[in-house]
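Here we start with a single chain on its own, the form predicted alone, put down as C-alpha cells.
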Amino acid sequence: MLESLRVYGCYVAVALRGQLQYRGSVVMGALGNLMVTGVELFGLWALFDRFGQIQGWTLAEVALLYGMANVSLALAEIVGRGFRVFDQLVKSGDFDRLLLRPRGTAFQVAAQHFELARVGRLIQGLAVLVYALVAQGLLRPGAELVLVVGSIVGGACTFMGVFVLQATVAFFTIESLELFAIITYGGVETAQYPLSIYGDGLRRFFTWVVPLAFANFVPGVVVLGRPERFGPEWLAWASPLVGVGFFWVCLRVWRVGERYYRSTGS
C-alpha cells in the first residue's frame, strides 16, 4: 500500500509539473469551472429567494446537500480524469504500454491524469459546504461532521465508479459514450436538491443502482434531523461504505472489460 502511494505521488508530481508549465491555462480552467458552478449556485439562490423553501427544506439545508455533492464530484474529477479520457488510449493503442507494466491498469489510468484545473468546482463546493455547516451549527468536532466528511469520500468513490464504467465501455465501443454524463453531471445536479422531491423511479435509481443518494441525501437527513428517511438510521452511517463498495464493483467490471481489449493491430 505504501509503495503504491509513493508511486501515485510520483505520477501526480509529474502531472503537476507538466500542467504548471502553463499556469495561465490552469488558472483559466479553474476560473471557468468556478464560473460554471457559480451559475448553478445562482440558480439555487434565485429559487429560494423566490419561493423561500422546497417541501420544508431551507436554503441552508439544501446548501449542505449541494456542497457535499459538488465536493464529491470535484474530488472524483481531479483524481479520476484518466478514466474520462480513456477512449483516447484505446483508439491510439497506447493502452498496450500499460499492460506491460507491473502495476494494475486501473491504477495507472487514474494516476497519469491528475486534473488540477478542476479545483474551481472544489473551491466553490467547499465554500458552500462551510456556509451550510456554520448555518446549521455543525462546524465543530463531532459524529455529524465525521459522517459528512466520510459521505463525501464515499460520494467521490461513487462518481469514480461511474467514470470507471464509462471507461470500461470503451473496450467494446472504442469511443467513450457521453450517455454516462447524464449520470455524473446530471446526477450531481439531481443530488443538489432533496431526493424526496423526485418521483419513485428516479429516487430508486440514484439510491440502489447508482448510489448517489448515499453521497449526501441519506446521511444529510440524519445530520440535519430531517423526517425524510430511506431506511433505518444505521444505513446513513454506512454511507461511506456504500460508495467504496460501488467503486469496488466497478473495478471488477473493469477487469472483465479489460479481457476483451484487442489493441489496434498497429
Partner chain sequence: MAQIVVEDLRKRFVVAERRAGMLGALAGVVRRRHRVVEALAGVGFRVDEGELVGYIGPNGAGKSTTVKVLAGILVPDGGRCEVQGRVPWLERVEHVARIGVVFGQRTQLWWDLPVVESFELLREIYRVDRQQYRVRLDALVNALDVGAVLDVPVRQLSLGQRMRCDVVAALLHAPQLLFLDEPTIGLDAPAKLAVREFVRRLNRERGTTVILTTHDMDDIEALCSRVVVIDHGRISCDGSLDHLRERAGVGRRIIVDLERDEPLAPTDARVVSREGTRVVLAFDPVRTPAAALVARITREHAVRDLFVENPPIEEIVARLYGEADARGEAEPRPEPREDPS
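Predicted model only: the values in this text are computed from it and were never measured. Positions refer to the first chain, counted from 1.
Form predicted together with its partner chain: not shown, discussed below.
Think of it this way: in the model of the complex, its partner chain has a heavy atom of just one of 105, 136, 184, 196 within 4.5 Å, and the residue is 105. Contact with its partner chain, judged by heavy atoms within 4.5 Å in the model of the complex, is confined among 95-103, 144-152, 71-79, 159-167 to 95-103.
Contact annotation for residue 10: at least one heavy atom lies within 4.5 Å of its partner chain in the model of the complex. Its partner chain in the model of the complex comes within 4.5 Å of a heavy atom belonging to residue 17.
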